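Given as structure tokens, the chain that follows is alone and in the form predicted alone.
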Amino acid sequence: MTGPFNPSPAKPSDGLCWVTGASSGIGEKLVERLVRQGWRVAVTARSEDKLKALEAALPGQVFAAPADISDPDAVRQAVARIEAEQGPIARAILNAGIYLSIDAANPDFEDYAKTFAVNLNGTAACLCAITPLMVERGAGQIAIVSSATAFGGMPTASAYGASKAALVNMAECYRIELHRYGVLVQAITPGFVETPAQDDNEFPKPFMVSADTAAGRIVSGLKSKRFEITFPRRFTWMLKAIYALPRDWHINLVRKQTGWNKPPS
């Protein structure tokens, strides 16, 4: 039984699943897998056309609620419409995010601002919209999609990694506070996933998985109560071990492994 002090994973019978960043990549594959599990899914992204196409492909099971998550008013309106028209959101998978490569030798402030606006502030906007509703009901499940870049520094990821590290901290805070209200909070830290966001990464990407494989690992992990859903474990656990070393050691090791110990070309 779920409830205060005993939050449990949500079930399709509890209500809808809300997925942000649902128009492509991991988000789109998550929707497909959730529907196969019996979920009705509300989907949010900026691309209304793609969401409507997804809704048309899965009629009666997927409901489009387009919004730019960096606009908190638009997020609140989308959540209110979902709940008014389709019923309570029992599970929220906050997946929307962007990757903008940063050249530390010539950084662009706008790339930082855009990254933080979507990845960090956008997630906060979603939490502000959905958390009070779940707290009032005394039940719910929130999964925040972070990244293995949250574990420590990576080349070209000073904006993305910083935002994803912040999301893990944010998820921990919510996990601590919302437990007594019956709301289960989890963080998802994937390694490299084959999406367009990876196209600008020039360094090696070991153990990369497809978006569909990533979605499968996520929906499986969401059936558990564990805080962190991380995959592929042979990669993410190795990274955790590397970043557990003294900082000078792991910085030098990452620099070497990614090829950033060589003179600029």
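Remember, predicted model here, so these are calculated numbers, not experimental data. In this text, residue numbers run from 1 along the sequence as written.
What comes next is about the form predicted together with a small molecule, which is not displayed.
> Look up in the predicted complex whether residue 68 has a non-hydrogen atom within 4.5 angstroms of the small molecule, and give yes or no.
Close contact exists here: in the predicted complex, residue 68 approaches the small molecule to within 4.5 Å, heavy atoms only.
> Could you tell me if residue 26 has a non-hydrogen atom within 4.5 Å of the small molecule in the predicted complex?
Yes, residue 26 is a contact residue.
> Can you work out whether residue 158 and the small molecule are in contact in the predicted complex, taking contact to mean some heavy atom pair no more than 4.5 Å apart?
Result no; residue 158 lies far from the small molecule in the predicted complex.
> Heavy atom to heavy atom, is residue 97 within 4.5 Å of the small molecule in the predicted complex?
Looking in the predicted complex, residue contacts with the small molecule include residue 97, since a heavy atom lies within 4.5 Å.
> Looking at 118, 184, 187, 79, which is the one with a non-hydrogen atom within 4.5 Å of the small molecule in the predicted complex?
So the residue touching the small molecule in the predicted complex, by this definition, is 118.
> Could you check which residue among 40, 217, 33, 46 gets a heavy atom within 4.5 Å of the small molecule in the predicted complex?
Checking each option against the small molecule in the predicted complex, the one that comes within 4.5 Å is 46.
> Quick one: in the predicted complex, does every one of 91, 124 and 143 get a heavy atom within 4.5 Å of the small molecule?
No, because 91, 124 and 143 lack any heavy atom that approaches the small molecule to within 4.5 Å in the predicted complex.
> What stretch, of 101 to 109, 128 to 136, 143 to 151, 83 to 91, brings heavy atoms to within 4.5 Å of the small molecule in the predicted complex?
Selected stretch: 143 to 151.
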